[in-house]
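A lone chain, given as structure tokens: the form predicted alone.
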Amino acid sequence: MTTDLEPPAERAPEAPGPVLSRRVAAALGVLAVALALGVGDLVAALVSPPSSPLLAVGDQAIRLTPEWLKDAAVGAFGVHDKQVLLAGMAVVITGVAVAGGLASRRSPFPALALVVVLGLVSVTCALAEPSVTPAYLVAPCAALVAGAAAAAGLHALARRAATARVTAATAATGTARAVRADDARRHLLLGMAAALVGAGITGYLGRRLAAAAAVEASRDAVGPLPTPAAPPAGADFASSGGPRWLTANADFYRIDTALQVPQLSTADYRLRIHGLVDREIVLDYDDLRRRARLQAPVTLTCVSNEVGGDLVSNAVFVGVPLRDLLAEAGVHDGGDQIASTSVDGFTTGTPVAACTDGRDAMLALGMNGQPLPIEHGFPVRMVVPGLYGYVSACKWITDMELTTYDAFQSYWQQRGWSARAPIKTQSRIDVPRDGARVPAGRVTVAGTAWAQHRGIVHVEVRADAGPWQTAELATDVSVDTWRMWRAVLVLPPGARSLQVRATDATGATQDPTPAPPDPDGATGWHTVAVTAV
């Protein structure tokens, strides 16, 4: 029995909270900072690209670096000096994030403090940009919020998992507690995976969008190129429903193997010409632009174009004559193929003869008076009239190796397509469309024909396999461009079949035998079915 004079029993001290493992704590620090940087990159790309936290800090580091150190970096790493700087920053930030995570094994506050400090540093660097606007604050602030939320949330999940693990280990009967521990651990792993995926997706999208914005700015800085001369009167029969002679850039067909459009700025552009040549040549964009003096209309056609298809378009290109560059390099005897490589690794193989026989083969910089659209090869693409695009129209071209057909097979040659691929004579009915209903009687039929580098001299059209009728041809602009045609047919009421064929300047009429595009271009006569009512 106790009395009021006896001292009260002492309370046992509270057990300290669980301590996170070093591995988990370090991972949480890295994930929080990575998510912050990813969100910052994505928001910056959408609002103001220069305010990306990583780039803003990097820019300030460059500005504050002494000139002697900059010179030493350029001397040591050359054109890769900026990549080395970014890699070094990534290593330092990772180390700091690991240290912040390790300091947060008992409490989330050190990691939160680290995120806040990094956020304030990025805000300060963004505000120091010469062209700063209020929008520059959005990305670093978004990064700070995302990083702090990730640090706090992941730390809470980790403490919950650690507590559940300790409780399950010390309990006399731990089945239910073991289940709760497994659930807590699963939630932590899901949270860490979500942070990792979020950092990866936001960072990737941010880099892609920022690159696209930078390349678009680079393209805008080029400014307009020489305005193409207007086509002569009567070059098309658009009034009859056919296409315009000149295809607008936005309407020009696009076929390539690029899952994502390559983003290459003029500042980063380099073209190397080497192989079977007397001298290797390396040119940047400004070198090519100073040499650009060839302007010519060219109709491009994809080998995948089916009979009657629309994978054919016409534009006025401006660029550097390939024959001049090849003459400067000095092609060796026996060098019969140009192996061209795109910045994304795609390859084409072009006959040297087609680039030196006087046709308007070029490295194009402009299209219809503007710099090349990015999706059509900006900053530089190859254009060689008379050959299907897969051997003659390498986009985003960065490498030209003079070689032989015996020594090199391009991307599509390796897949069984023809090596030299001259474009076949073809014609197409544009109006009326297949399946159309037309008034019985006199019906205008109009379309397009092409035989690049040979030219079209004759087009015939007929109804229901009857006698051929000569079509009226539009003004001939160039042997390297398509030619429009039209004719008037008298169609009785009922279902009717219309057919067209063309003859090129060599006297050859297009092949009537139906054949698919593989391996060297489709053949056959385009036929449409209409109903006259």
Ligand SMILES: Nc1nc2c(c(=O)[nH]1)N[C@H]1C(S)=C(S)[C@@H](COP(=O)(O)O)O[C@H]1N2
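Note that the coordinates shown come from a computational prediction; the quantities given were computed from them, not determined experimentally. So that there is no doubt, residue numbering starts at 1 and follows the sequence shown.
Just so it is clear, the following notes concern the form predicted together with this ligand, a form of the same protein that is not shown.
- Of the heavy atoms in Thr257, some are within 4.5 Å of this ligand in the model of the complex.
- In the model of the complex, Lys395 approaches this ligand with a heavy atom inside 4.5 Å.
- Ser104 falls outside the set of residues with a heavy atom inside 4.5 Å of this ligand in the model of the complex.
- Although the partner is absent here, Phe346 is a contact residue: one of its heavy atoms lies within 4.5 angstroms of this ligand in the model of the complex.
- Every member of the trio Phe252, Ser342 and Arg381 reaches this ligand in the model of the complex with some non-hydrogen atom inside 4.5 Å.
- Of the candidates Arg359, Arg428, His376, His155, His376 is the one whose heavy atoms come within 4.5 Å of this ligand in the model of the complex; the others do not.
- Thr301 is the sole member of Thr202, Thr301, Ser410, Thr350 with a non-hydrogen atom within 4.5 Å of this ligand in the model of the complex.
- Picking from 112-120, 381-389, 417-425, 87-95 the stretch near this ligand in the model of the complex, with a 4.5 Å limit on heavy atoms, gives 381-389.
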